Structure formats: structure tokens, C-alpha cells
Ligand SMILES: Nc1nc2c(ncn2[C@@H]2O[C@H](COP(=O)(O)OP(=O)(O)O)[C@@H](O)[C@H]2O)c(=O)[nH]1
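Take a look at this single chain, the form predicted alone, given in C-alpha cells.
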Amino acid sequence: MIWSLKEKLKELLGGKTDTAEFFEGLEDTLIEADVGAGLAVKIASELRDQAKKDGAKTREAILALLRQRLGEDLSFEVLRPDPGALNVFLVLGVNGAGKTTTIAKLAEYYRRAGVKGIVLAAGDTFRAGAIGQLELHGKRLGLRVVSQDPGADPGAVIFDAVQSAAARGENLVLADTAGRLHNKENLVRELQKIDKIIKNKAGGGACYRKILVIDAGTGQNGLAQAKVFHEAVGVDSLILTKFDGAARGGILVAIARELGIPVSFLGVGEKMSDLIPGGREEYLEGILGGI
């Protein structure tokens, strides 16, 4: 049975909500939801103080305060390509987070939004499957894919993609990257090299953004992942994937609180259209709705 924040909160809210036991239970529940121990204690303490100040004792009042508190740290901002410039979106994340599929969903989203000249760059040259998967997505979407053989220099692949996009007057490069976090030093060096290549090639006239893909079921490892990528190249935006299949997702609050990175999309399914821009209300509804 999938652990559910909704169900846990429903149990808590079914009893008295103005007792020390209730707020201790809330701490435990938030920790289980991957919010993190320190932040869970802080949220529960602030909620207790606010509830006492407001005289909030009903389940509806407590839930409204919790919804407000969880939403305070979260920033949702859709990434919109600059129509007058070359845009390079470097997509980061560990293997298995859903990077390659998310790139295809982003391409479909931006294509439907009217972005012209979208290019996919198969920068995860470590996995032959990632190259083939991106090429298949490109074929299905009717988009150009820049790729080389497995084992090729990922920086060279992305350099070619950016250079050719600039020469063709194309508008958006969506670049895949490897996610071998078990070998952190190599990964960081590789990403820093790619980052330097893009900055040097694209120059000041380009819109360059780094997007981190996090699996909603990752747990507290998600915060550790975010720190590694953020320290390596600086992350501009988050995409939370598999939010439909994971009942937790609290790691988004922890990342936002500690690193201040805004969320641009929520992935909620397998279809190309299952990518929600922004997603504040959908996220809060997903973890709190229906209680």
C-alpha cells in the first residue's frame, strides 16, 4: 500500500487538533512526507503558534493554516523562452529521474505554445539507451536531434547543437545530460565543462537556463541531489516528475526552503501532455486535497 500524506493527515485531523500529541503527530507525518526533520519541526511549531493565536481548532482551520504554511516557501515560475534570442535549456538530474522523457514533454509543451525551431541534444552519451530514446522522441515529435555515438564527448554534442541552432536561426535547444551521481566528482567536472561551453558559445545574447529534474518518490536524497547540481553549475528551475505515482513529494518544500529554486513544471503521467506548467495549486491539492 502506498504511503499517503493525505491519509495520515486525515487520521490526525480526525481527533483533537489543539493538543501537544496532535502537533507531535504532525511533525512525524511531515517527516515521513520527506519534508525533512528540521523543517517539519519548524512547520509544526509555527502552525501550533498560529493556531493558538487565531483560535483555530477545527480540522478545516488547521488544514487551511497548513496549506498556507507549505505554500509560503514554494515559488512557481514557468520557464518561457525568449522569442528574440537563442534559448538553451540544460536538463539535469540523476539517472531514473525521468530527464529524457521530460525533455520530450518540454519540447511538446513549447511547440504547442508556438516556439519555433526546437532542437534536442543527446548529451547523455554515457547511456546508449538515452541517445536512442531521445532520437525516438525527436522522430515522433518531428524535431531535429543532435547526437553522436555512445561514449562521445557530451560537451561536443551540446556545442554542435548550440552552434547549429544559432546558424539555422532556431529558437530553443533542449539538452540532455548524464546523471551518474555515484561518481560525483566526474559528474561535476563534466557538467562544469558543459556549462562553460554553453556560456562561451551562446554568449550574452542567449537565454541559458539549467533545469533540475527530481523524482517525487526520491525522498530526502532529492535534497542531496539538488545540492550537488546547484553547487556544480547553479540550478535555475525544478521539475518534479512522477508526482502522480508518489504520495509524498514533500522534498519540494525542503529544496525550495534550503536552496530557493523555483518550480517550473509538475510531471503527472506518461503522456506528452502530462506536464503541468507552474503547478502551485496542483501540488498543494496533490498532497493535501480531499482531506
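For every residue, the number given is its place in the sequence shown, counted from 1. Because the structure is predicted, anything quoted here is derived from the model rather than measured.
Another form exists, predicted in complex with this ligand; not displayed. Remarks below refer to it.
Screening R144, R111, K201, R127 for any heavy atom within 4.5 Å of this ligand in the predicted bound form leaves a single hit, R127. Taking a 4.5 Å heavy atom cutoff to this ligand in the predicted bound form, the contact residue among P81, G98, G155, G219 is G98. In the predicted bound form, this ligand lies farther than 4.5 Å from every heavy atom of K210. The closest non-hydrogen atom of E46 lies beyond 4.5 Å of this ligand in the predicted bound form. Contact annotation: T241 falls within 4.5 Å of this ligand in the predicted bound form, judged by heavy atom distances. Of the heavy atoms in G279, none are within 4.5 Å of this ligand in the predicted bound form. Between 229-237, 34-42, 49-57, 262-270, the stretch whose residues reach within 4.5 angstroms of this ligand in the predicted bound form through a non-hydrogen atom is 262-270. Each of V94, K105 and Q133 is positioned with at least one heavy atom within 4.5 Å of this ligand in the predicted bound form.
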